[in-house]
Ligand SMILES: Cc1cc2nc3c(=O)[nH]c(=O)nc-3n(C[C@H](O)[C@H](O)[C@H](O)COP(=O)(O)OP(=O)(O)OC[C@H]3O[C@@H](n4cnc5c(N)ncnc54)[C@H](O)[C@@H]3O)c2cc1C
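First, one chain by itself: the form predicted alone, in structure tokens.
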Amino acid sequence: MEYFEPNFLGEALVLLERFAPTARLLAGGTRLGPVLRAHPETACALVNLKRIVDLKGVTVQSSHLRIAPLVTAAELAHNATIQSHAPALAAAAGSMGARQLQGLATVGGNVCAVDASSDLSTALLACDASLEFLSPAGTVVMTLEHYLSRQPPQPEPCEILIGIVLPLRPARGAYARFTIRQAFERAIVCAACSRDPSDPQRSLRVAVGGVGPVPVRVRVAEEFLSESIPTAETCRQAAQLAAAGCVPPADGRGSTEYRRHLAAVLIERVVAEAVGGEHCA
């Protein structure tokens, strides 16, 4: 396997084109590392993106908040702008196991790995995120929800994720996950909720991970709550409706029924917290 450390996006794109489709992009390495150790034959080139300054930082741009893909979970968790405008994302980043993991794991790597119970992707769905990709044809922008619906849900062979864009607005939000062990354990089920305090019902967005192949928006809960006064009871009813529509896969970490129950509990919890104590105390 050949190894490269480009200094600019253009260099990385050239390398990606040269070795596609078996080139692999390295961001944090927390997801890619285990895969390559188990199956090194799947990659002929490893392109380390960590020297590219354009892929780092959180910036405010007009009506949007832009997060570069090399921003780590630790940076997301402690960034004041993220805490103000995307509190569900900050909470999700801060929940990701041990500090060592948070210091290495990047938001771009987390999104592109497309894990079924991805903490950051679940929170980003609730935060109305869009993705910017650079390809030889130019820049492509799509919603995270659309990206996760692609088959397969991953970047094209010559695409580089260059930014994650969120609406720039004050928000209330919450994130919850359930796992057996903290440390480096992936969530069995996770849920996130975000809303604009100036439009508390119609702006409500709910997402859940661990109940299918990718994290998903829970529109049935959003629609129910948009037509109801948010109380403890309606939060519970919305969560039960959402969970009833889930058919999670059974595996060694939990049965379908167990994951469905977790989804109901976690969705109720994040919705109640995002709506606020004035309604759901």
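Source: prediction; values computed, not measured. We number the residues from 1 along the sequence you see.
Form predicted in complex with the named molecule: not shown, discussed below.
> Can V140 be called a contact residue for the named molecule in the predicted bound form at 4.5 Å between heavy atoms?
Replying inline: No, no contact at 4.5 Å.
> Quick one: is A27 in contact with the named molecule in the predicted bound form, heavy atoms, 4.5 Å cut-off?
Replying inline: Judged by the heavy-atom cut-off of 4.5 Å, A27 is in contact with the named molecule in the predicted bound form.
>> I'd like to check something about D128: if you look in the predicted bound form, is any of its heavy atoms closer than or equal to 4.5 Å to a heavy atom of the named molecule?
In response: Result no; D128 lies far from the named molecule in the predicted bound form.
> Looking in the predicted bound form, any heavy atom of G109 within 4.5 Å of the named molecule?
Replying inline: Looking in the predicted bound form, residue contacts with the named molecule include G109, since a heavy atom lies within 4.5 Å.
>> So if I measure heavy atom distances to the named molecule in the predicted bound form, which of the stretches 165-173, 207-215, 100-108, 74-82 falls within 4.5 Å?
In response: In short, 100-108.
> Within 4.5 Å of the named molecule in the predicted bound form, do A113, E159 and E185 each have at least one heavy atom?
Replying inline: Affirmative, all three are within 4.5 Å.
> Can you pick the one in R31, R51, K56, R236 that has a heavy atom within 4.5 Å of the named molecule in the predicted bound form?
Replying inline: Here the answer is residue option R31.
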